[in-house]
Ligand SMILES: Cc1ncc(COP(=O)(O)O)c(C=O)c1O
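In structure tokens, one chain follows: the form predicted alone.
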Amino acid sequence: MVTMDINKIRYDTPGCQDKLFLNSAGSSLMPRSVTQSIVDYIQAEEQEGGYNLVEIRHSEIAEFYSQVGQLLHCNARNVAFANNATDAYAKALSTITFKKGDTIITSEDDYVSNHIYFITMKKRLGINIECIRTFDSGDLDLDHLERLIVQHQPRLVAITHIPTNSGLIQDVEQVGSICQARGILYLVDSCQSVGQIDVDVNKIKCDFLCASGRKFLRGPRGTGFLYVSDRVLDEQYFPMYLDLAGAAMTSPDEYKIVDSSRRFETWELPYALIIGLKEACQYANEIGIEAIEQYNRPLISNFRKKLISIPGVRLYDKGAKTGNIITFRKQEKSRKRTQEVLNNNQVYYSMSGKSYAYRDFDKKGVDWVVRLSPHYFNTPDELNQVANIIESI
């Protein structure tokens, strides 16, 4: 049994002291060491200038790639900084030369931003989009995926690990095994899973994986990263738009791409934020994802049970495996009334409308839900308080 010091973690998290913060799936609370590392870098840049400071802090900047590698069980070579998960996702998509008639297979529960990308590509390039069916439980029908692959011979399979408006954890490892056996490129959006559960790219067998810094990883906004597999790097995939960070000119009309995932970066980077994200990754690594999972599992399970027991409360989460996201409504209570009670009691949450998960909301027959996402700095007592507040709506 791995343990962690909840008192120290709460001390390290000043933002959790005066509120009931349950919005880590949106933008979580940074540890004070993350904030301080950013401030320190900015202050040093004020004195040294941006160019000099990059040279002075070179080894610390390089540590970002190692810390992400530790999180994902990969080498620093496979990691690129990105401005956010969506930025990383777009760069991964841009490596593939899609032609009219090509197919992307995805799930109905993928992020709406990803679906917007696919729809745009359908309109501009004439690609096809196929969605894997789900069982009534919410889990992917992997037999249907196999049939779609045989029928359409897709250029890409793209799956969101944990969707935005559901506690569902999709079976990305089984999907990865299917894709690897058939040599299909595989892209995983892990922006909700990195930082709350173990994300092992070797088990997932993905070619690309993107993540955000601001969510369960507890890093600053405007940060994220992209994992790129050795296979993709060695086969010379590269993004649509390279600059001198990703390639070196070898003649007036030729260039050579760099031999790492850094080919997916641009030369100008927000180094203070990279240092902050490095610190967030290091903070999670030092606690240990295993310890975070072991703490979160009973925390969220007991919270679900309490909410289900409240008369009128309906939860909208499905799946054999669920994570630290709960979506709910209290029947016959308006959106306005729900927000008023939560706001008045200093509960921090997200309110999601249909445009955030169109297909998911259609299936569930709702147009809005409250999303609560506790994390390992929350306590059982806090969640009991929130349950009592919800009961009072």
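Bear in mind that the values here come from a model prediction, so they are computed numbers and not experimental data. Numbering starts at 1 and runs along the sequence shown.
There is another form of the same protein, the form predicted in complex with this ligand; it is not shown, and what comes next is about it.
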query: Among the candidates 281, 168, 191, 157, the residue which, in the predicted bound form, approaches this ligand to within 4.5 Å (heavy atoms); finding: 191
query: 164, 134, 106, 95 - the one with a heavy atom within 4.5 Å of this ligand in the predicted bound form; finding: 164
query: Contact flag, residue 84 vs this ligand in the predicted bound form, heavy atom cut 4.5 Å; finding: yes
query: Any non-hydrogen atom of residue 212 within 4.5 angstroms of this ligand in the predicted bound form; finding: yes
query: Contact of residue 237 with this ligand in the predicted bound form (heavy atom, 4.5 Å); finding: no
query: Contact flag, residue 111 vs this ligand in the predicted bound form, heavy atom cut 4.5 Å; finding: yes
query: Which of 266 to 274, 121 to 129, 250 to 258, 212 to 220 sits within 4.5 Å of this ligand in the predicted bound form, heavy atom basis; finding: 212 to 220
query: Heavy atom within 4.5 Å of this ligand in the predicted bound form - qualifying residues of 227 to 258; finding: none
